[in-house]
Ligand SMILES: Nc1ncnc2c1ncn2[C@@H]1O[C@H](COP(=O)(O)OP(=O)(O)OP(=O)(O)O)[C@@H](O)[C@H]1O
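Only one chain is included here, represented as structure tokens and corresponding to the form predicted alone.
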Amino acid sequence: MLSALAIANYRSLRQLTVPLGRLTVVTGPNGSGKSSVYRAMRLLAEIANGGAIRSLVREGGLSSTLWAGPERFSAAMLRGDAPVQGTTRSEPVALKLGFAGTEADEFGYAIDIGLPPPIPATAFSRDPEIKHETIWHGPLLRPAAQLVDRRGAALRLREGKGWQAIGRPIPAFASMMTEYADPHAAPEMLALREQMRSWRFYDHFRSDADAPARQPQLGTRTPVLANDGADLAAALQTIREIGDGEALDRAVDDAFPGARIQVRVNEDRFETLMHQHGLLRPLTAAELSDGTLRYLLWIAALLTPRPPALLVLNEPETSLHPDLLPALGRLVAQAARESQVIVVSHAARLIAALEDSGELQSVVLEKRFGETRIANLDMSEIPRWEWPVR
């Protein structure tokens, strides 16, 4: 399980360390930085799939995603006695992302992405470069806990009390996680890469009239709902056959008393049907309201028969009636028994339902001088964090 998420110089996140529990909710007013936290987590996951640099380019490049404010705030700026203005830069341009485990035998990881030196012979002179990556054991980066260390093109692995250098250089645009993962020489790197690849993210499901989830789809066993929800019917049937079918029925009844779900199979196409009290026939997915369809999608995502190590939900309350939010909160809390869950939300009723579940780590964000900060925790409640030095 992760104990902390650390982000530096990404959009409004100048220096942010977020404590994580089994179930964590990240909340705050509009514009406080919630979406940036979610996008930073997705960027971390992209590293293990080799797509981090491309993701940065899609966001407008490193220069567009970097913190746009001063490197640090003076005491006079914070008091309001002096205007916020730039100061002489003392550190290199760097976007940093990382996380730590809770126990001594769990892994931590950090990456430092910067700008390349001027290379006139290439057309890719503005491509971001990976300057430093490291993996360690436990909740805090310490020299004695480091297992893998990559600086520039050079990679070295811990060997007893010393280090073994790996001769093959790592390209500046590629992560060591995808370029080198020998299960014999670097089992820690392979284990961490597979853990990060298992992370699952769900954002805004489509529920418009042309949404794939409304149409019959080719069906196959689907233990993991697709990000767009196109395979909803197959995912629901998979839960019923190899997952917790009783939990599926309870979740539907909790939100829609007296209702039940059926999956109709016509040759190789699967279609979602909903039986409701008082109706003479079931409604097809094409007939369901946006909120009802979205709720069924959340049921399929959260009751997965293959729970991930980490499940991240971005504003799951979107398009749901407020009366559905307590039931959604109970569903999310149930998912947290099998996976570590992070919910990014500003829905008070959903957050209240999550608080009723017991162990909830609440992180309330605010923005001051353009910088995202944690408003509801003091420094003693925020995990200590150390970035690797270039």
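This structure is a prediction, so every number in the text was calculated from the model and none was measured. When you see a residue number, it is the position in the sequence shown, counting from 1.
A second form of this protein, the form predicted together with the ligand, is not displayed here; the remarks below concern that form.
*Asks:* Where does the ligand sit in the predicted complex: which of 350-358, 28-36, 319-327, 41-49, heavy atoms within 4.5 Å?
*Replies:* Residues of 28-36 come within 4.5 Å of the partner.
*Asks:* Please determine whether residue 367 contacts the ligand in the predicted complex, using a 4.5 Å cut-off between heavy atoms.
*Replies:* It does: once the ligand is placed as it appears in the predicted complex, residue 367 has a heavy atom within 4.5 Å of it.
*Asks:* Spell out, yes or no, whether the shortest heavy atom distance between residue 66 and the ligand in the predicted complex is within 4.5 Å.
*Replies:* It does: once the ligand is placed as it appears in the predicted complex, residue 66 has a heavy atom within 4.5 Å of it.
*Asks:* Is there a heavy atom of residue 12 lying 4.5 Å or less from a heavy atom of the ligand in the predicted complex?
*Replies:* Yes, residue 12 lies within 4.5 Å of the ligand in the predicted complex.
*Asks:* Taking heavy atoms only, is residue 149 within 4.5 angstroms of the ligand in the predicted complex?
*Replies:* Heavy-atom contact with the ligand at 4.5 Å: absent for residue 149.
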